[in-house]
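Here's a solo chain for you in structure tokens, the form predicted on its own.
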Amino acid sequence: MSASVPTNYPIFAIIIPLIAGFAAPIIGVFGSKIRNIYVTVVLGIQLILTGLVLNTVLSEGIISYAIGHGVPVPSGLEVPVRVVFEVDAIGAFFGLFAILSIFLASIYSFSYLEGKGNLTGFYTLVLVMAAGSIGFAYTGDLFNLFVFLEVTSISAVGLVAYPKRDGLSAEAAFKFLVISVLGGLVYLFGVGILYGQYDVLSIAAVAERMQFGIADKLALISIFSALAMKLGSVPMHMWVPDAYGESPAPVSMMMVVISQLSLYGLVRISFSLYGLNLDGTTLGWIIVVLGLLTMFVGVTMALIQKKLKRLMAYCAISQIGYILLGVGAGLIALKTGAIAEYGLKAIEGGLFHMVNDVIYMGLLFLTAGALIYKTKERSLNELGGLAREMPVTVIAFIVGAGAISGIPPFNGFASKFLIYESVYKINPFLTAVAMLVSVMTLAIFVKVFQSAFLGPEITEYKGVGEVPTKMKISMVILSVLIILFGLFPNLIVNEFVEPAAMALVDQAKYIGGML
């Protein structure tokens, strides 16, 4: 695609929040209201730009270009220093919902964090995270994939550590920092192997030259392990309960985006980089097994939790398992001619569930934050009777709980049904396990609903009332999206998810889009 205003939307979507983030301390001098308006406008512009990028990609095709030029070195050669972008349907689709989540979390945070010190630094990190998230979704370069993921991870470490509450948030941030550094080093090791082999870093260029020898397989193991570590897959999930559970509710919502970014990276590497050469059956079964373990461990650990947000963190882990199951089953089926059509459906289910998970897990964390905001209590054992006081929150919780449990007409049912149906053709046992986990998830949230909202009203919570309007706005918007996606799943799948899945499996088109 020739250079044009639509072609430049991706770089605008990255540069604007990045520059705005570093300018935020100056804006903060004029007071919190001006700062909040500033953050809302910047993220609103970024959200519009990501929507325009998605529209351009769906109507005109892949957007691809490089920024930079050759830099002379003493040997007389030129080293290319540049950022390569290749935005296809899946990158544009995921980028839009990543920014939507950060935008709604920020609106919620204006009231949730009010009065908790100088928040200018907090919103600087939010804007930098937003820029890094879009950079990660849009880049077509292996090294820049690492750079943008680290930008989001470093921002997330600061956001998790921001509330200084009994040292727990600092401990959670440190655990995530260790995982981020270790994962980054392992990822770079794999990228270094590929660069040594092919002397290029563009995903499309490496994919075209791929020989799939021993070194390439070692690189795949390194990159896959690093991304699995950073997305919170079992057995590398130890950081998730702390980072999700101890951070403020809006940050927990943003952390879901960080995990899904790593999951997006894993899917991108598996299909766009290795797709033509990959033994999909072997890697597919590895991903399926990881998915089953992640689902089962997450939901069983959630059963025994007493702290509300920690319980939801383990449920978030279990939902990652569904996405891994769909993607892994898709890899297996695509290599099996007789059921190849179900492979595409499984991938569509996984991608649809990825977006749905961002929406309903974000809503559940916001409802948990609303309870903590009003009661200052994190233990389920100390809550009760709040349905009378917080009607908007209880309705939002019911919507989120129905979605994560896979109950119609909510969005979780639509994406899970796609996964159930397609995975059944590969192995009925896989569907049975996935459905069992949904039943267990429903039991967990029935318990939470009973503990927090039903029963006799606790005297000290009488008259606490509903949360501020800005917090309700975010919860209502997410609730509406969950219901709309559940009522009209075919529209979402046909218009957005199917093009994203087709872009993912069509490696030749991705390579041609850049080269």
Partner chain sequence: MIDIHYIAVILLLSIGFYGILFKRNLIKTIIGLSIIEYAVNLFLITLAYVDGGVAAIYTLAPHENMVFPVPHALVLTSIVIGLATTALMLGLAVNIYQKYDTLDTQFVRRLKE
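Everything numeric in this text was worked out from a predicted model, so none of it was measured. Residue numbers count along the first chain shown, from 1.
Absent from the display: the form predicted together with its partner chain. The rest refers to it.
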{"query": "Partner-facing stretch of 307 to 315, 364 to 372, 437 to 445, 416 to 424, counted where any non-hydrogen atom is within 4.5 angstroms of its partner chain in the model of the complex", "finding": "307 to 315"}
{"query": "Three-residue site Ala432, Leu481 and Val493 fully in contact with its partner chain in the model of the complex at 4.5 Å by heavy atom", "finding": "no"}
{"query": "Contact flag, Lys175 vs its partner chain in the model of the complex, heavy atom cut 4.5 Å", "finding": "yes"}
{"query": "Residue contact check: Gly196 to its partner chain in the model of the complex, 4.5 Å heavy atom", "finding": "yes"}
{"query": "4.5 angstroms heavy atom contact with its partner chain in the model of the complex for Tyr274", "finding": "no"}
{"query": "Ala161, heavy atom within 4.5 angstroms of its partner chain in the model of the complex", "finding": "yes"}
{"query": "Candidate from Leu344, Ile398, Leu290, Leu188 lying within 4.5 Å of its partner chain in the model of the complex - any heavy atom", "finding": "Leu188"}
{"query": "Partner-contacting position among Glu86, Glu389, Asp242, Asp216 - heavy atom within 4.5 Å of its partner chain in the model of the complex", "finding": "Asp242"}
{"query": "Its partner chain in the model of the complex - contacting residues of 130 to 151, heavy atom within 4.5 Å", "finding": "Phe143, Phe146, Val147, Glu150"}
